[in-house]
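The chain below stands alone and is given in structure tokens; this is the form predicted alone.
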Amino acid sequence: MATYYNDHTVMFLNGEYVKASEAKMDFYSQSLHYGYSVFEGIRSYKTVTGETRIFKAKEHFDRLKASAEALNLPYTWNTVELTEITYEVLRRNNLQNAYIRPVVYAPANMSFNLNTESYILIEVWEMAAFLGDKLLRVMCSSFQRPNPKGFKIHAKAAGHYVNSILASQEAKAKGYDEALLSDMHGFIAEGPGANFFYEKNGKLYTPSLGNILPGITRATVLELCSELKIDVTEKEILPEEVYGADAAFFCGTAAEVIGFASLDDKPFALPWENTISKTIQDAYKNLITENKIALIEEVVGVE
């Protein structure tokens, strides 16, 4: 099993910096029993100048607030203070390249009544790219994303990820690296923890919003496409459209940008190194480490 902390690890818990090994929560929490909590996955990086920088801190903490409000969880913190606290947690753990997990969770409550308070924790640990750095063998999952009329799909809610776990476990049990889920209409939605793009004839395509989590990395890829003058279309996508395409990739904070080797054992038409998807992958790496010179060279190279 992975080890996320040791006797020296420090986390932020409800206003205090405490040792992770000594932290406690209420086992009657509504979050433990019903999956009623929200969280964020954030990364920090050592930049080319040697500084520690949390990537898109404002966007992530703003989304944490929006997720909590969508689920009626009381939210009393602000983005500036949480960003400052997170830098302090990183400092106390002597980490630069880190994964950051803030969680807003509920008190003891076995009813379905509204709570009058929420609690917060912020943990950090070292983590490589969530899906590794090799091209992925992906399968279309038998699991679908939840009906948006049954959930607040735009919220990053803990309970939603049971669906992700089941889909990912199914894929790995069948010998694949990861799953690709559809929506309730059979259109491609996203991966268990990442958004999806595919490439064909020099253009990128990605599922429209509505049945997917509007990922912050997804938004960053769209921004990079604009800067690199890469045409990208948001649309409903059937799996058959992806078979035989030039390339495909997942993107997410934990996964970063990672390409596919195949989908349902069908390989892609172009070598990954010769795709605009690889250009996006490189541009993203330069962006998160603030390698502005290399990023400019990417833009000039595409133009």
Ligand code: PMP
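This one's a predicted model, so the numbers in the text were calculated from it and none came from an experiment. From 1 onward, residues are counted along the sequence shown.
One more form of this protein exists, namely the form predicted in complex with this ligand; it is left out here, but the text below deals with it.
In the predicted complex, residue 188 stays away from this ligand, with no heavy atom inside 4.5 Å. In the predicted complex, this ligand stays beyond 4.5 Å of every heavy atom belonging to residue 278. When this ligand is considered in the predicted complex, residue 125 lies well away from it, no heavy atom lying within 4.5 Å. When contacts are judged by a 4.5 Å heavy atom cut-off, residue 218 counts as touching this ligand in the predicted complex. Between 27 to 35, 246 to 254, 232 to 240, 44 to 52, the stretch whose residues reach within 4.5 angstroms of this ligand in the predicted complex through a non-hydrogen atom is 246 to 254. Residues 60, 192 and 195 are all found to lie within 4.5 Å of this ligand in the predicted complex, as judged by heavy atom distances. Contact annotation: of the candidates 87, 161, 151, 77, the single residue with a non-hydrogen atom within 4.5 angstroms of this ligand in the predicted complex is 161. Contact with this ligand in the predicted complex, judged by any heavy atom within 4.5 Å, is made by just one of 167, 71, 213, 224: 213. Of the residues in 142 to 175, those that come within 4.5 Å of this ligand in the predicted complex through at least one heavy atom are, in sequence order, 145, 156, 161.
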